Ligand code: ATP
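In the block that follows, a single chain appears as structure tokens, in the form predicted alone.
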């Protein structure tokens, strides 16, 4: 296992960010999901050694997260969500410098900087000052500096944040190539579920500082509930409450579509009976295939 943690706890004052998280992460591309405040960034910072847990223990690539933090950072690459560039530097000097900070000899770091900037598509602008870069170029540069030292494990925090559709597609393509062809394990923290589904085979979902679900995406999507999508006409307040009283989770989308997650043993005919009682017209009703978005809604208690 590349990442192993046991009973991790961490608080910011009275706010509990992690509450007993335990994980064993296999090799491959792994998605880290959760609502805002779920503990994703805190977990990454602890794994990188930037924070020390209040309680618990863990290892990253076999190194102890409390006592061997420099070794972890030597073999782990990190692409932060926020920009953290050094003003006045061009891209190749910046990337080379971070390679040196990771323990590479200067000449090797400069050679490798040119290679990774070419790989991420910045070869023609590698001598430009970083302040002149667009948002998409800065995302590519952050990815380049994260892989300049040939890490064994790569942490990506919101790697497609702020990108247009084409930019997202290109960054995701690079992530897939890195995880599938370069023998680098990738852990991606993102709020964009389709990005995780496109790049990862395994997912970890945190909610309120606790582990809500983890496992292979294909297996987790086969959870034991039935998802129905419908559109209705009529006052839906009592109708939706009765569905929830039947232990169903209900999600209402912006376009008026209702997603009803029915637990095992419940008959969909109960939905029609309840609609008749509340004088609700069901205009559209289909049994839907589950997606990662549906799984996320189910395990974090969206209703």
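Residue numbers count along the first chain shown, from 1. Computed from a predicted model, the values in this text were never measured in an experiment.
We do not show the form predicted together with this ligand, though everything after this point is about it.
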query	finding
Non-hydrogen atom contact residue 17 with this ligand in the predicted complex at 4.5 angstroms	yes
Heavy atom of residue 58 within 4.5 Å of this ligand in the predicted complex	no
Residue 248, heavy atom within 4.5 angstroms of this ligand in the predicted complex	no
Proximity of residue 39 to this ligand in the predicted complex, heavy atoms at 4.5 Å	yes
Heavy atom contact within 4.5 Å of this ligand in the predicted complex, the stretch among 268-276, 237-245, 30-38, 62-70	30-38
Residue among 158, 229, 100, 170 with a heavy atom within 4.5 Å of this ligand in the predicted complex	158
Listed residue (195, 90, 150, 81) with a non-hydrogen atom within 4.5 angstroms of this ligand in the predicted complex	81
Within 87-119, the residues that have a heavy atom no more than 4.5 Å from this ligand in the predicted complex	none
